[in-house]
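Only one chain is given next, in structure tokens, and it is the form predicted on its own.
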């Protein structure tokens, strides 16, 4: 074991180790970030609704909280998801009382991108330019696109809003890497759609340097499909980042292929099991992490960064995700560090394997 117990140090020859952070609590994580991480991702702070809540009125206070801490720690920033349908104000899609024309939306995307880059470029090494624009399933309505999510962006602009976003980011942030980011990226059918989209984007002359594999695990991972997906995306000539890694407690009891939702067969049993987070279940989360890092390390020639979606178990989006009325809140324990910010036993194994 290295004298310095550090994920970032152990993986220097493989890839960066990153974590998504919030302006609300990054100050509580400075010690663990300084020891174990050399990349941080803005969780929500550089999305449109956070930085331009009204057209032309920019605010970067929340982002600056993260950037300031990152500077002090000597850590560069992955800037996450400016163009994302869930985090865009309605002003983007309106022109007075009318729907905005595509040209107006493209102008707004460019103006926003320019402001973001002028403010952040010195601290950012990669942008998730567009997030989750590809649909999850085959549409029942034949008039809908078989590739693209039917978002407000797409309904008004077609896929050209993605083109506009990448061209603007290339113009104003020429030295940063540009990524497309998505989930369920290892499901074969969605993987095919993502590949088609990337090929189309390149045919339009857009620069896209990499693909962000989110890697949220709500079920036992299919390790073979993860390997196959890495090879497929890398085969497009893309650099890969694992961008939103976490392992839900659900992954220890769900042996299906997708996340269990209320009403699904097995959901009630999952809740019962998850409300009893035994040491065996928590250890299983660690075992999954060890296997995932084995895979990521074996593809370190194409993977440049592995980022967990959060730092430690005291703050994780999963604790409030996927429930509903009458469903008990389930603590998920999905990260590499526990609620007291201490490394879990799997961290030592992950470090040992890299040395």
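Numbering follows the first chain given and starts at 1. This is a predicted model, so every value here is computed, not measured.
What follows is about the form predicted in complex with alpha-D-galactopyranose (GLA), which we do not show.
Enquirer: Since the chain is shown here on its own, which stretch among 264-272, 208-216, 91-99, 229-237 would lie within 4.5 Å of alpha-D-galactopyranose (GLA) in the predicted bound form, judged by heavy atoms?
Expert: Checking each option against the 4.5 Å cut-off leaves 208-216.
Enquirer: Taking a heavy atom within 4.5 Å as contact, would all three of 131, 309 and 317 count as contacting alpha-D-galactopyranose (GLA) in the predicted bound form?
Expert: Yes, the whole trio is in contact, each within 4.5 Å by some heavy atom.
Enquirer: Given that alpha-D-galactopyranose (GLA) is left out here, which of 254, 113, 181, 177 has a heavy atom within 4.5 Å of it in the predicted bound form?
Expert: When alpha-D-galactopyranose (GLA) is considered in the predicted bound form, the option within 4.5 Å is 181.
Enquirer: Going by a heavy atom distance of 4.5 Å, is residue 84 a contact of alpha-D-galactopyranose (GLA) in the predicted bound form?
Expert: Because a heavy atom of residue 84 falls inside 4.5 Å of alpha-D-galactopyranose (GLA) in the predicted bound form, the answer is yes.
Enquirer: Heavy atoms within 4.5 Å of alpha-D-galactopyranose (GLA) in the predicted bound form: does residue 36 have any?
Expert: Residue 36: no contact with alpha-D-galactopyranose (GLA) in the predicted bound form.
Enquirer: Does residue 43 make contact with alpha-D-galactopyranose (GLA) in the predicted bound form, using a 4.5 Å heavy atom cut-off?
Expert: Residue 43 belongs to the contact set for alpha-D-galactopyranose (GLA).
Enquirer: Please determine whether residue 185 contacts alpha-D-galactopyranose (GLA) in the predicted bound form, using a 4.5 Å cut-off between heavy atoms.
Expert: Heavy-atom contact with alpha-D-galactopyranose (GLA) at 4.5 Å: absent for residue 185.
Enquirer: Within 4.5 Å of alpha-D-galactopyranose (GLA) in the predicted bound form, counting any non-hydrogen atom, which residues from 228-250 show up?
Expert: If the 4.5 Å heavy-atom criterion is applied to alpha-D-galactopyranose (GLA) in the predicted bound form, 228-250 yields only 244.
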